[in-house]
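In the form predicted on its own, a lone chain appears below as structure tokens.
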Amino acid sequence: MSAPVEIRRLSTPQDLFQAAAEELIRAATDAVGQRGRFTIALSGGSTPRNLFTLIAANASTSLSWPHVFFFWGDERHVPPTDAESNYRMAEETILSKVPVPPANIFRIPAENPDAPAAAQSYEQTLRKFFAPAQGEFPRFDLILLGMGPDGHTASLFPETEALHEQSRLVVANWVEKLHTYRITLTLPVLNAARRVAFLVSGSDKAAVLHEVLEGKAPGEQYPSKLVRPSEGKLIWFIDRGAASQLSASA
């Protein structure tokens, strides 16, 4: 049984970033108050970049940074200094601008030329930090996700092998159309989170968002459809452009 989907329609991209920032601060405050720490998995892309910039500029005093622990939902198979690196983007926009202890930052070791080994290493990092019971999965307090123009999320691309993974936490997913590996959390980890927030902005995403939220196509074709936390909260933050093909009731 999955949690109901909450769709928050915002007028502009800036409104979306502000609403997502408020949700992040709320989630962090709740988590630190209840469990003494806040665990978040970041995503790449232009929309999260704007969110991180907003938080660093306006909300940095709202968070208890020594109790915030940063992870990543996926990573390109590149070194952390590469322009394509999700870690580098987060480092430039938020991590270097707020007082988070370096020991609280857990990046994916994507500089390893052996992508499956890098994935295995990150899985061990997660197992050590979260210490899930046998057969259980880590429970992030918040996982931020975007949605690609093909409906992929994290690095779970349509018709790829990683969509069928049921036991691993992290895999190296070969993406044929990109001719590269992407290192990604698996669906069971995404669906174990306490909160998952999709950030989707722009009319170029409208048709795919309609398919994901209202269409009948299988999740194999639009992997974002497969993210449905079993005991968590799922929120879609979407702006007017992205929502332009949804029915009024969605």
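Residue indices: 1-based, along the sequence shown. Here the structure is a predicted model, which is why all the values come from computation and not from measurement.
What comes next is about the form predicted together with a small molecule, which does not appear here.
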- Query: Could you tell me if G202 has a non-hydrogen atom within 4.5 Å of the small molecule in the model of the complex?
  - Reply: no
- Query: Can R195 be called a contact residue for the small molecule in the model of the complex at 4.5 Å between heavy atoms?
  - Reply: no
- Query: Even though the small molecule is not shown here, does N173 get within 4.5 Å of it in the model of the complex, heavy atoms only?
  - Reply: no
- Heavy atom of T47 within 4.5 Å of the small molecule in the model of the complex: yes
- Want to guess which of 69 to 77, 112 to 120, 97 to 105, 127 to 135 is within 4.5 Å of the small molecule in the model of the complex, heavy atoms only? 69 to 77
- Message: So the small molecule isn't shown here. In the model of the complex, which residue out of M147, L169, A162, L142 has a non-hydrogen atom within 4.5 Å of it?
- Response: M147
- Message: Check for me whether the small molecule, as it appears in the model of the complex, comes within 4.5 angstroms of all of N86, A154 and R182 - heavy atoms only.
- Response: yes
